[in-house]
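There is one chain below, alone, in structure tokens, taken in the form predicted on its own.
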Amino acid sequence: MKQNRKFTIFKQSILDIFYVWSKEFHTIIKDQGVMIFFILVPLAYPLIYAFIYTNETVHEVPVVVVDESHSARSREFIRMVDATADVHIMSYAADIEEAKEIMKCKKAYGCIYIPSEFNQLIAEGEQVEVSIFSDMSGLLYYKALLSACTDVSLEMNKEIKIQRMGNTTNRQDEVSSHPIEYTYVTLFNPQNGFGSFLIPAVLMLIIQQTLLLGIGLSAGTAREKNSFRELAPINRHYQGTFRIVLGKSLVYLMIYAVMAAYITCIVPRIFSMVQIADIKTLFGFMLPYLTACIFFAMTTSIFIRNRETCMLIFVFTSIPLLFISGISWPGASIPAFWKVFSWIFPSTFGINGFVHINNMGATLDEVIPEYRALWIQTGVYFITTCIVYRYQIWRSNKIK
């Protein structure tokens, strides 16, 4: 009798979980708003963001030149800068003031100033300075201008040094100009691209934010339809906390298993981004990330009183979460308070772990701090989700 009773309870629990799963699945399908956040946004946003940064780097930045030297050597310097892929000399100015006016009109984003004593000081064996001015409203313009001028100055320095050495062989010239030879290797981002640096973090953040918005919208809808404005309706199938949480979470996990595979595997491949992750390692890491995000979203859904509330609470958090993740801004420079505060969100560990796995080829053992943290968050947020729904069931029963 006792075994039959246990089997009956177990069977009823399975039926209740399936009932909750079925009801939540049909609710999602019928709700256009939830479908937008669960399907359309994860499908479209990664493509939009990746397409915006598809060029990866800035080239042919328009620059104005103020050449007060008017010498063959200054013209050679300008010609070499213009020959680089990063800078385009669009015009000359008589003085700095005229160059400023050109930059104010956004016809140029930088200025190269060559002093009148440029050629004379070099001929006398003295050091000379070439000044560059950049429009700092766009840091990539500054990077392109600085890199081009630095490379050209190093090349000219080498040529001047060789001329003054009086060597007789090419090998002597090489040793004199480069006593220490070095090789410049850009690891994990060979094109020095902005997209390869930023897009992986954005992809992981999209997963978390769309889950927060979709689950929040679904919770707000449930409360609007429920006469007592509670998350759990008065229904005999909704009496078990574990059944409700498991039934709902399985729906979200089923949908986002597909969305996560698309976002992490297909989108980078479409735009030829760096992708050297082992597929088993990536899927093993995504499991705790998805579950942590799902239970985190279900926990925060207690604050959602209607459909519009989730938009007010969650949308504005995307940019701050990207900053405090330690990707767009170095983690070592983030104040201790904000670093600890970022541990609340699965995106912090998800972004860092995904970047290491996808862009650097790390294994799970090499991202064990992030991997362990996500499992801890999964456990903690599962408990808080159960507490939330248990409280909702208690309130519903009390009101009834």
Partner chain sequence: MWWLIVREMHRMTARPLYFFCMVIAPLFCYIFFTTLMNSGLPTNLPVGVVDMDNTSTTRNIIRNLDAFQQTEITSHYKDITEARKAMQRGEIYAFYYIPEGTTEKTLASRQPRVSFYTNGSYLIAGSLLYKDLRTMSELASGAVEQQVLYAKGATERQAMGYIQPIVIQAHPLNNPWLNYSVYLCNTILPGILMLLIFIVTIYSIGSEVKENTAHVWMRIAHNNLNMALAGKLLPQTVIFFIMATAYNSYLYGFLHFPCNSGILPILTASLLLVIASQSFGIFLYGLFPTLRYALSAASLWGVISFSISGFTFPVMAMHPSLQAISVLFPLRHYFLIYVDQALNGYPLSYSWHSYMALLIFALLPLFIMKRLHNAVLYYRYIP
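Positions refer to the first chain, counted from 1. Keep in mind that this is a model prediction, so the values were computed, not measured.
One more form of this protein, predicted in complex with the partner chain, exists but is not displayed; see below.
Proximity to the partner chain in the model of the complex holds for all of Gln32, Gly326 and Asn352, with the criterion being a heavy atom within 4.5 Å. Screening Ser272, Gln120, Ser91, Ser131 for any heavy atom within 4.5 Å of the partner chain in the model of the complex leaves a single hit, Ser131.
Of the candidates Met254, Ala261, Val315, Ile279, Val315 is the one whose heavy atoms come within 4.5 Å of the partner chain in the model of the complex; the others do not. The partner chain in the model of the complex is not approached by Asp82, whose heavy atoms all lie more than 4.5 angstroms from it. For the chain shown alone, Thr183 is a contact residue for the partner chain in the model of the complex, at least one non-hydrogen atom being within 4.5 angstroms. Interface membership of Phe296, defined by any non-hydrogen atom within 4.5 Å of the partner chain in the model of the complex, is ruled out. For Thr309, a non-hydrogen atom is located within 4.5 Å of the partner chain in the model of the complex, even though that partner is not displayed. Of the candidate stretches 120 to 128, 262 to 270, 280 to 288, 243 to 251, only 120 to 128 contains residues with a heavy atom within 4.5 Å of the partner chain in the model of the complex.
In the model of the complex, Trp338, Phe341, Asn352, Val355, His356, Asn359, Met360, Gly361, Ala362, Glu366 are the residues of 336 to 367 with at least one heavy atom within 4.5 Å of the partner chain, listed from first to last.
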